[in-house]
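Only one chain is given next, in structure tokens, and it is the form predicted alone.
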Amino acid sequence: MKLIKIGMIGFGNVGHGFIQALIEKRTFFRNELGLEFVVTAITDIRYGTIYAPDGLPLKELVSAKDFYGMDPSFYQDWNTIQMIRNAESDVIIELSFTDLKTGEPAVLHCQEALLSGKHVITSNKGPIALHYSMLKGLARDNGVKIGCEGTVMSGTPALRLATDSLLITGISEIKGILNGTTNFILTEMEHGSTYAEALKEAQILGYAEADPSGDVEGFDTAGKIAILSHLVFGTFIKPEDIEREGISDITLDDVQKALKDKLHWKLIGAVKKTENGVEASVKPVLLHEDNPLANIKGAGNAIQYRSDLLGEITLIGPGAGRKETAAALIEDLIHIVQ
């Protein structure tokens, strides 16, 4: 049995989902893969750091909202960098908040872990969109790996499909619905809600933040397109430099008129190879109902790859969520340790 020790940065929704997944799949990991995973350390900006070199009690953690009821012997007076350096761990799961302007503090966390000879897995778009080449170089130089499947379509393997399976087919264009909040809003408007009503419902259901601008103005999708450009085409584009238009100016009348012509408004992120290099954009697009992307409803995501050998392939699946993002972390974890 191969023992893998894990350190975690962040104890929010996704962190809880990851721990739950480790509990649920423990027998499978042991019996089918010969792997035993233990979480030795967790640090969180709100709660501090807990550490147990032989493993923290996962069942106790998954039901806990914070660290305050844990065994006092677990508490360590460590900040995040100290946890990375001091805790016994083979892999660091980086789940801090996303910043698409600087990538911090996640970039610093990833750098420190890689320099310490520890694998890094993250669902944080910031460091991957802005600094992937640097981080990949650090990983290579220190004999470790970095996993980032969850940064584009959560547990739906959009990145692995492109970089492992489809790359040899000659991908020339990628486009998709990469933000569930905007797709939910546009779907509700097709059902008769105004933009304001649909946005309010998205916030009630937890799809949209109190400040929804990151979603509805296309910033989130731009970050994901930057990642796809970098990992699939090898071309770095800053998210802020991508041509971007959101959905906030689309009216109920616009949506209903389109439906009469069998057309659907979708916020589409796209990147493609051209004679002048790689071009990228995020903008609302009218799609005919024959297009697979036109039929993605609610908070669903989908991505289309166009390649020289296979033509067009569409991958449909969830793009966010506690359990779904945990699945992406597990995918990367298994891929790295095997």
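In this text, rigid core is short for the largest set of C-alphas that superpose within 1.5 Å between two forms. Bear in mind that the values here come from a model prediction, so they are computed numbers and not experimental data. Residue numbers here begin at 1 and follow the sequence given.
Although it is not shown, the form predicted in complex with a small molecule is what the next lines describe.
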query	finding
Contact stretch among 200-208, 226-234, 137-145, 241-249 - heavy atom within 4.5 Å of the small molecule in the predicted bound form	200-208
Partner proximity in the predicted bound form: T181 to the small molecule, non-hydrogen atom cutoff 4.5 Å	yes
Non-hydrogen atom contact I316 with the small molecule in the predicted bound form at 4.5 angstroms	no
4.5 angstroms heavy atom contact with the small molecule in the predicted bound form for E94	no
4.5 angstroms heavy atom contact with the small molecule in the predicted bound form for K125	yes
Non-hydrogen atom within 4.5 Å of the small molecule in the predicted bound form for each of D215, D220 and A320	yes
Core-aligned C-alpha movement of L199 between the shown form and the other one, 2 Å or more	yes
